[in-house]
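Only one chain comes next, encoded as structure tokens, the form predicted on its own.
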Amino acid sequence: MINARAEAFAPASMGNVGCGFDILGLAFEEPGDTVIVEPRDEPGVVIAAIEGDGGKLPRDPAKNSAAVAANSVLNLLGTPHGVSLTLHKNLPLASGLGSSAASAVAAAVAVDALFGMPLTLPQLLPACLDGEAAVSGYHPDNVGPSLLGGITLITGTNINEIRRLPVPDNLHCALVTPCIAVPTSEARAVLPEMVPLTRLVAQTGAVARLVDALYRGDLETVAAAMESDRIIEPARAHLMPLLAEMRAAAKRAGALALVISGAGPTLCAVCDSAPTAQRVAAAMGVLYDEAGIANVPRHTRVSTNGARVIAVT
């Protein structure tokens, strides 16, 4: 069965979750990207429109994460039909919110829905990774949580190497995204090639403490463990405007911790209630406003469901 139109949403995500470089990811309830697809008799994918990107994303289907993922799903389905794709970008580019991953995931889910949903979300993982690989590399630290939801432990690229971890009931997030771009390639270029053994042991301990605290629902320990990164954040701190000042302001407003979201520059503050997250987001926005840095503050929660179909007609 081929439907006339399908629309899907995929949420933003945070790679690393503080101390878990390249092995932990987290999906936010919002913001996220939306993709609409319609069938074509001709094979392959054409991009009908992209909205919200300021003309920055490639219109070439071979270079666009959403189009590459959509084409990969078509190949998985073995269909001779193609699709026309419209991408609504609600995520800023190079922001540390898994922008390319969300586009890829939304496109894969939308194409699957267009053809009657013959595939499960886990079965769509390879197609999503194909889309992400076109932009940021073949790695599921953002794709995994955006597709499946929750907080994920990632030890490989197969679905059985992505494990969902418990989400504390009182975990709320305050985000602020300064209007500057930090490309992943630039953020990776500043990382150290060698790490002292004592620092590696401390980092490993922080990840273990974080996983343990998640299973116990101990949000204060979760926050402390997230903020215990002594390898990645120190190397990237200079790329994040007012990082130390922002951490202090967030904690004065009630946050338990503040970490860099993915490669940045978005910052994520861990809070224990919705009112606190709202207050912290506002305080972080004011700090950037006073420094003359345009920004977008918001409060959100962890998305437990991940990507979803919005409509099928």
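Predicted model, so just to flag it, every value in this text is computed and none were measured. Residue numbers here begin at 1 and follow the sequence given.
There is another form of this protein, the form predicted in complex with another copy of the chain, and it is not shown here; the text below is about that form.
| message | Between another copy of the chain and 219, 244 and 289, in the model of the complex, does every residue show a non-hydrogen atom at 4.5 Å or closer? | response | The answer is no; none of 219, 244 and 289 reaches another copy of the chain.
| query | Do residue 72 and another copy of the chain share at least one heavy atom pair within 4.5 Å in the model of the complex? | reply | Because no heavy atom of residue 72 falls inside 4.5 Å of another copy of the chain in the model of the complex, the answer is no.
| query | Should residue 95 be counted as a contact of another copy of the chain in the model of the complex, where contact means heavy atoms within 4.5 Å? | reply | Residue 95: no, not in contact with another copy of the chain in the model of the complex.
| said: Is it the case that residue 81, even though its partner is missing from this view, gets within 4.5 Å of another copy of the chain in the model of the complex, heavy atoms only? | reply: Output for residue 81 is no: heavy atoms all beyond 4.5 Å of another copy of the chain.
| request: May I ask you to check whether residue 296 falls inside a 4.5 Å heavy atom distance of another copy of the chain in the model of the complex? | output: Looking in the model of the complex, residue contacts with another copy of the chain do not include residue 296, since no heavy atom lies within 4.5 Å.
| query | Just one of 205, 183, 116, 122 has a heavy atom within 4.5 Å of another copy of the chain in the model of the complex. Which one? | reply | If I apply the 4.5 Å criterion carefully, the residue I get is 205.
| From the list 224, 232, 173, 240, which entry has a heavy atom within 4.5 Å of another copy of the chain in the model of the complex? | By the 4.5 Å criterion, the partner-contacting residue is 232.
| message | I need the one stretch from 184 to 192, 107 to 115, 81 to 89, 127 to 135 whose residues put non-hydrogen atoms within 4.5 angstroms of another copy of the chain in the model of the complex. | response | Single hit among the candidates: 184 to 192.
| Taking another copy of the chain in the model of the complex, which residues along 1 to 40 bring a heavy atom to within 4.5 Å of it? | Contacting residues: 21, 22, 23.
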